[in-house]
Each structure stands twice: as C-alpha cells, then as structure tokens.
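A single chain comes next, written as structure tokens; it is the form predicted alone.
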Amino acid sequence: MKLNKTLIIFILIWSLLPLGWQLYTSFSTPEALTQPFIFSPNRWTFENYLQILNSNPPFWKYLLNSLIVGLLSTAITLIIAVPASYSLSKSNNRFSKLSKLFLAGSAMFPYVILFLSLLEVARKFNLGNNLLAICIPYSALSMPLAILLLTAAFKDIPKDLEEASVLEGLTLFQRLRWILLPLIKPSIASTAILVFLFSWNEYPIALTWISKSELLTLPVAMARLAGSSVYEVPYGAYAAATVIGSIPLLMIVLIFQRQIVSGLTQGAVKG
C-alpha cells in the first residue's frame, strides 16, 4: 500500500512539475529565471501577462480563432462520423473489415507526410487565409479515429434494444435521436474532445495556410511570439501565453472529465 502511494505521488510530481515550472516562469522576471531557487518579491512580475494581453492584434483574437476552428472542425467531423460509424457497426462483411483496417491505418498515419500535398491543394483552390478552409483538413485528419471510436460504441449497444425499437415502428432517425445517440453520449463527448484538442493544437497546416496576423490560431501566434526577438527569447511572455491558452482546454477537460473517461473505457476499449 505504501509503495502504491509513493508511486502515485511520484507520478503526480512528474506530471505536474512541468506545469508548475511553466506557471512559475510566467510570473518571473528574466533575472529570476537565471537563478530560479532564490525567492524574492522583486523577482515576481505581471509584466509578462500584460505584454500578452496588450498585444496587437489582441491575444483574445487568437483564442477566438482557435475556438472557431476547433468547434467547426469538431461539428463537421461528428456530423459525418456518426452516420458512417453506425453503418459500419451494422456491417460484418469483408468490405467492413477492410474499411476498419483502412481507418486504423489512416488514424496512425503521420499526417505531416501530407503537408506538401495539402499546401498545393490550398494554393490551387485559393484556400489560404480562411479559417473555415483549414477546418476541412482538420476534419479529414480526425475522421478515421472518430469513426473507429464511435463504431465501437455503437457495437456495444445490445441488438435486442434496437430490434425492439424497430418493432415499435420507430424510423432510423427516431432510433438514433431517442435511443442510440443518448446511449453513446459519453463516447461522442470523448471523440469530440479529441477532435477539438487536435484542431486547437495543430501547427503546420495553420502555419502555412494562414499568413494574416489577425487570422492566426493560438499555436502559430505563440510561436511567432517566441521568435519575436533575435537577441532575447521572451520566456516569460511565452509562458504567460501558454498559461492563458491552456485555460480553455483545462476548463473543457474538467467539465467533461466524466464523459471523457466513460467514453474511452466503454466505447474504445471494449470494441
């Protein structure tokens, strides 16, 4: 028992130490970072946060851009993935098995290899500097994993339940709305969170498709902030931007923590 507690404490410290250091850096002066173990009131400052909040364009604009991209990408992915996963869960032929194998390979495929191809597509169809346009590759890249997770969730639903609803005269749309979707709500929530996190944190596509400063997403904006000076890296400002940018994600995870855990364990693992 003591060994288990010690191991848990070690894992917590190991996991939280980088977060604590980032928070410490965001409130530290440049001099404090060179000697981090000397504590003094003169070493604490809010200047890093003021620099971020008073930036031009405003920092909240980057947050809003990432929020728009994340929500729209998630919505597009779920609208397509839900009916596709339901159809795939009801099929047990060779085509469905090959489809699942293809989806698994696509989900594990490193999308960075497609980077140049996606850039050429953006140039050909004039998709640059458009927040709505980058939602297309984000949704496409998230689709295989979303379909696999939701397919496993649909398969966990007893067949007798749906057969009984068919005997009651419910249409497919009614079965999905009133019976099936409420049952897999945790899996839908966990899938939506995963898609949203990918869209929120994605960097290479957003870097090349967006060049206007007012349309930048949060990761690209923070990267430009970190390289804003040739002779000095603004560690404090970069850490402050990271802390502010992590608040929405932290709130989402805390609010939907139960759904995320339930969806991953009941849907993805059992499938």
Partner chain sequence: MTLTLENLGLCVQRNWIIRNINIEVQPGECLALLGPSGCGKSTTLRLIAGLDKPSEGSISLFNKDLKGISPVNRKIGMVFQSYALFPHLTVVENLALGLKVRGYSIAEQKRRISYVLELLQIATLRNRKPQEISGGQRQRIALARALLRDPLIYLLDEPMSNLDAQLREDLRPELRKLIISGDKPVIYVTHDQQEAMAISNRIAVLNNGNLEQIGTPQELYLKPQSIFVANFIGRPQINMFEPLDSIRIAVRPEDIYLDPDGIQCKLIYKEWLGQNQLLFFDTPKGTIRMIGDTALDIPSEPRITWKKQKEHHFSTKSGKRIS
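Just so it is clear, the structure is predicted and the values come from calculations on it, not from any experiment. Residue numbers count along the first chain shown, from 1. The term rigid core refers to the most C-alpha atoms you can superpose between the two forms while keeping them within 1.5 Å.
In what follows, reference is made to the form predicted in complex with its partner chain, a form of this protein that is not presented.
When contacts are judged by a 4.5 Å heavy atom cut-off, residue 169 counts as touching its partner chain in the model of the complex. Its partner chain in the model of the complex is not approached by residue 104, whose heavy atoms all lie more than 4.5 angstroms from it.
For residue 164, a non-hydrogen atom is located within 4.5 Å of its partner chain in the model of the complex, even though that partner is not displayed. Using a 4.5 angstroms threshold between heavy atoms, residue 179 counts as touching its partner chain in the model of the complex. Comment: 180-188 is the region of 194-202, 135-143, 79-87, 180-188 lying near its partner chain in the model of the complex, near meaning a non-hydrogen atom within 4.5 Å. Core-aligned CA deviation for residue 94 between the shown form and the other one: 2 Å or greater.
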